[in-house]
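Just one chain is shown here, as structure tokens, and it is the form predicted alone.
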């Protein structure tokens, strides 16, 4: 069936395309924009004038001339607008305020203690408080704060902001977006934390059109970018590799299954391996738990080194499985466990050599930025509020590389 596109929608699409080109290729002239986009000069001139009036772009001087008048160069205005990104982990919450180039201009981390009951109410209050704190920190700008992105550690629906399950927080069946939007009076976007980490990694490394972000902390999950777009699956829970089985009759998981990868490659797994090696003075709930174990291992404490090695071996099994299944351009490792990079990365690379097929054996493995999930949440909010045009194969919950405006 042919889809009709009216003139207004086409103009918005062209405007988004022009803005995206300026954002990614600044500084750029009007002539260069016409060459890159294929739009005629009159259309480019009209759209650029609108964007200048809206202050999304600025003129920054003159470029080189090949004869005749020097072209005026255009640059994206990074501080035209801001978005908030909040990463919720079991032990803490990290909040970032990012500009329209997804650069962090303000960041705040607060410890979190999960109560036995009323977890939803506690989370709602905390998310409201942290979002308002970030909004208040936003510098004056033409468009202010456009929206808020929330990265949650579990199974969520990006399309409707619904939480299916946050297994390590004991939360199920929760419409968190509706009350949060009412409190903040801003668009709110809910996504899985690994998806947010994947999006931030892709925005920093667009040369990897197909990448996997593995979030390894209290839980384990993965975010998938395919052909430059986040892949969430039909119900939004694609990438839950932490709940794939790697030990047939293994330990029971919080999801109800047995032998999940998460039970062998996450933070509580490290705690269990320490206990098995006779190390009892650590508490897995403390925020610097991983850092302290690494410190002891680096000092030569064999029991701690053995626990980290075991963790890395199991983490490597899952990473090799992902590489064999999806054949990505690159894999990024994020989450709290990257504090143990010197112990884990060698094991991941060994696993790739002995457990992956030849074609994917040399897939590069990179460390993600520490705040990538919070920054990615802000980036998703930006993508969904700066020129939101739904065309062709784009569907709700699919983030492409086109900038969008609300």
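Whichever C-alpha set is largest while still superposing within 1.5 Å between the two forms counts as the rigid core. Positions refer to the first chain, counted from 1. Keep in mind that what you see is a predicted model, and the values were worked out from it rather than measured.
Separately, the form predicted together with the DNA exists; it is not shown, and the next lines address it.
Checked against the DNA in the model of the complex, the candidates 182, 275, 72, 291 yield a single residue with a heavy atom inside 4.5 Å, and that residue is 72. The listed set 40, 55, 353, 342 contains one residue whose heavy atoms approach the DNA in the model of the complex to within 4.5 Å, identified as 40. At a distance threshold of 4.5 angstroms between non-hydrogen atoms, residue 30 is in contact with the DNA in the model of the complex. At the 4.5 Å threshold, heavy atoms of residue 14 reach the DNA in the model of the complex.
In the model of the complex, every residue of the candidate spot (7, 45 and 66) has a heavy atom lying within 4.5 Å of the DNA. From the list 372-380, 359-367, 58-66, 342-350, the contact stretch for the DNA in the model of the complex under a 4.5 Å heavy atom rule is 58-66. Relative to the superposed core, residue 34 shifts its CA atom by 2 Å or more between this form and the one not shown.
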